[in-house]
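So this first bit is one chain, no partners, the form predicted on its own, shown in structure tokens.
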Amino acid sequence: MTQELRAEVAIVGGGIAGLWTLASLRAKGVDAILLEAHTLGSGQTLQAQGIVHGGGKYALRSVGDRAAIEAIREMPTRWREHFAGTRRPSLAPAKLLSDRCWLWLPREQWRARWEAWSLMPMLRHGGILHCPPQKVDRREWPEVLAQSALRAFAMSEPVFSTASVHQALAEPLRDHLFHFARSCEGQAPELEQDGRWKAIVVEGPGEHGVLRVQARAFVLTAGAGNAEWIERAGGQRSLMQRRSLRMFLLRGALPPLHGHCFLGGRTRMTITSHDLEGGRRVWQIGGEVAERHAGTSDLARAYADAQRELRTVLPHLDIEGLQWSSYEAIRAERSHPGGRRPEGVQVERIAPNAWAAWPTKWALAPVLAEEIEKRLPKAGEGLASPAAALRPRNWARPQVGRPPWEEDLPWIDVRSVGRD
């Protein structure tokens, strides 16, 4: 049985980009809906560390990344306004993990001692940073940094639970979210004579049958899933690139910490922490160590390297009784020369009324939503809209996914790392 769904705008992909775009459009009175094939936020969104960057860590690179700084510098203030509920969509129900991030140089490293007095990239970019690193009295440092850091700086960059942000966005939009099991295999979008997308067809979960979705405009925000849709529309998969990371997890009796270890002109480790039951915490660890082991099949070697790095960046951290885990994270983005990360948000037109979009950074979702809105057709521009909004009966709704450390991952004791 085929059911019909009609709307002005159909969004495919329920990550941070899709949900934020849906919320923004509906707040402006646009009849928009969203389709999700898995759980909301599955993949990139819930794998993100939740730091709303303001460009601070980019300013510390040995080669200044001014374009990245300019693209993201206003985000901390903007996200705070959404969290306060003074700007739509409201993120008031979301969980703020920390109101600031830390940048630190580790003790017992000769390079750190030199860099402590030679942070020229920071000084060079300080004038364009919205929330530049600030010196803080050592007595205000987190205990773990007081023991292990030579220098520590605070940045006014908030850190959010990505799952709670997604829940805050999704809850008011529940009636406009539709779950499907898969797109009908091999089926391209139905086209008008001028090449515009008329409809897409997907299969529902269980006994829901088939759903034919007709809209005036289509927006793809499905992350890695964008490639399949682009190809079906006659485009090239090469329009999108995938960058792999090996993210690490450490759990146990850990102190709270949110920030970056800076050493050698690079972000050696980025750590965010999340509370677990029984007074335990899990650290999610990215940065250079995650990039270095992208796509690895030698997990024993990867864990050994991560543990050595941890002892370098936090030399006085007690790791007795802790456990390691890891997972492969895929960053799907608009293709960029040399496979490098693109600068800022990316929106690519793939048909007269269809666009593929990538936020590049989790924190840039509000900017991406604005860029998408600029490209959507307006009333009276000759792009026919559905005769009337139509919703299927009793259709399944997607649920918000779980963060990686709540999935069924294997964990190993730190004492077993490095042993044959």
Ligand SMILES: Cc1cc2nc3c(=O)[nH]c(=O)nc-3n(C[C@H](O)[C@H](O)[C@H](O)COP(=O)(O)OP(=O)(O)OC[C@H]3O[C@@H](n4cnc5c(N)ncnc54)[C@H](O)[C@@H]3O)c2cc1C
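Since the model is a prediction, treat every value here as computed from it, not as a measurement. Residue indices: 1-based, along the sequence shown.
The same protein also has a form predicted together with the named molecule, omitted here; what follows describes it.
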Single option in 196, 331, 176, 293 placed near the named molecule in the predicted bound form, where near means a heavy atom within 4.5 Å:
331
Consider the chain as shown here, without its partner, and state which of 32, 354, 35, 372 has a heavy atom within 4.5 Å of the named molecule in the predicted bound form.
35
41, 225 and 360 each touching the named molecule in the predicted bound form (heavy atom, 4.5 Å):
yes
Among 242-250, 299-307, 313-321, 141-149, which stretch has residues whose heavy atoms lie within 4.5 Å of the named molecule in the predicted bound form?
242-250
Even though the partner isn't displayed, in the predicted bound form is residue 229 close enough to the named molecule, meaning a heavy atom within 4.5 Å?
yes
Is residue 50 close to the named molecule in the predicted bound form, meaning a heavy atom pair under 4.5 Å apart or at it?
yes
Any non-hydrogen atom of residue 17 within 4.5 angstroms of the named molecule in the predicted bound form
yes
Contact flag, residue 102 vs the named molecule in the predicted bound form, heavy atom cut 4.5 Å
no
